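This document starts with two versions of one protein chain, written out as structure tokens and named structure 1 and structure 2.
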Structure 1
């Protein structure tokens, strides 16, 4: 047998993902060696919380000094799993300048400060791999950068946050209201103690910035992504949508419109027959459309330590198996496209509100919608004594006009609740 090629890794962070990366490398060491001839080991673990030392790894591997990694000539790859943007940026920049390739799962780092790091990596001939930053074990970045290079992608839809998908699935199944299902998600480990980034849409927005950058080959940052969360989605919204034949999902939508880019995250009614409607629980999915491929969807477990660790180790092996850095390893943003304004996008909408149950009310509402070129596709009215609850789905319309119409409807004396609105995919 040929002599093994020793590859040593510096691991930054030993939380849920970091500890699982270490565990996967140890457990799969012999299989990796047998299949590839690579003797893959973790040489150092940079971790401030030394109470974790010795739990899953020998205590001598742990340090709180990143310089120890840079001073070890045997370390060729640095894996950044500490999260955040400030220290992570500092460490990744130092690793690149120190002649190391980098693997990261840090979506916020890439979505906010990735451009500078990719530029530096290209200058230095180093690689940055980031498959684990979106979709956990789903190899969506590799597929988009390599398999879809000639697909001429124009649309990317993503269910890219397991926490919100778990909650919305539970609401659809009638397993409780929003507060109850969020609490259950936290108990199961799908949601953090502070779930703001997940339920508020920020986590999904960072991931969609990365996916849009790859799909359209133009730099998209968090500042370019408009996002909403699911905090205002109620059990009634989900159940009424079900009556219309829809499933509510938190959708990341990146679209190329007339040569300009629009990227957003928002709750959406998805038709029950659509591929994305079947993605339940904490699973993720990325749905791609292009001029040459029609539609493709990738799905799988999108969060958690083991799936994400699998993607990290895959990135490590891809670095080892690549002779030199190039466009497939780093940034593919080769053009500068303008942004398409949110208000000019065309969307269909579901809206729900309470009105006085008397003659002439529907005529007033329909007149306002008509004045703003909003056409009603379907409607359900449910009487509640002197009031009625009105559920409306519109045909696709310019969003600016729809929201102007909603403001006028909300101001009518016969309307007794603020209209709740959700887009329709």
Structure 2
């Protein structure tokens, strides 16, 4: 065994992730020491809420003053787990300027303000590691940066929000409704402090910006990502999609199309036989396609304290075990690429709407679709009379044309409800 070598960490934030990072470091201390010779300990916990001081960690570790971390020369790594983009930015910047390497799980910070921080870290010869920012325990950042360095990636599909996948899985299995499953996801520590970020797609959008930046080696920010959440997906949508042989998932899609970048998050119908259809509950998956690899999918627990803490501790050990001047550190976004507009993307669609149940209705609708070059793959009618509802699945089509057709369909007097639309993967 190598000689014991002390590494001291300053922990910012003691919520779901922070408290689990502390616990994992304590639990795994002897195994890490045995394996690596590193004596890893948390030296300070910066937290405003002291209610767990002395209960979940010794009271003397707690402080509400970040300066105590910076003033301790024994601390070489700062772990930022407070979330948000303001204080987190200030603390990370101060830590880097104070000569510390940084580990963060903060996807919003990186997707909104990452460029400046990575640039600063590179100037100062420091590291920012962020494995826990995407995919919980799945080592997706490490695999993409190292294992996929020669993969020439052009497509990343992700199920990267555990909360929404947990809700959609419950709807598919008929195990609960939207509100009660969201509440359960919050109790299990999957959801963000404000779950709007989960159900509204913002959490997944930040994660897809990070994945796209790595995959395409260009800086993709939150502002580049178009996103929708699952708030408008109903139990009926999920069950009707099931009748057609599809599972509804919140899909992140990052694609390099003719040298231009398109990154989006939206609900999608995934064919039951597709690899991504089998990802259930709070599990996440990242599905990669590259010119040299065909396809690779990584999957595992994507949310919650213990899985995410595992990724944080692995980042700490990677910093300790690597040269800070190495090529894997910090930013590899060296390319300037244009954006590929959403409207020009091609997708197949599922749409459903209530209609008058009489002769000639189908012909009017089909003619509008035909005029916009939208080809229908299958169509069924459920119910009769006042309850008649049409469900249509299209072939892949240019999105601008599809949405123009939908507006015209919605305006027909025979159409009695606003068409709901979900893309088909």
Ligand code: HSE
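The model shown is predicted, which means the values in this text are computed figures rather than measured ones. For the two forms, the rigid core is made up of the largest set of C-alpha atoms that agree within 1.5 Å on superposition. Numbering follows the first chain given and starts at 1.
Structure 2 derives from the form predicted together with the named molecule, whereas structure 1 comes from the other one.
The Cα position of residue 86 differs by less than 2 Å between structure 1 and structure 2 after fitting on the rigid core. Once both forms are fitted on their core, the CA shift for residue 254 between structure 1 and structure 2 remains under 2 Å.
The Cα position of residue 191 differs by 2 Å or more between structure 1 and structure 2 after fitting on the rigid core.
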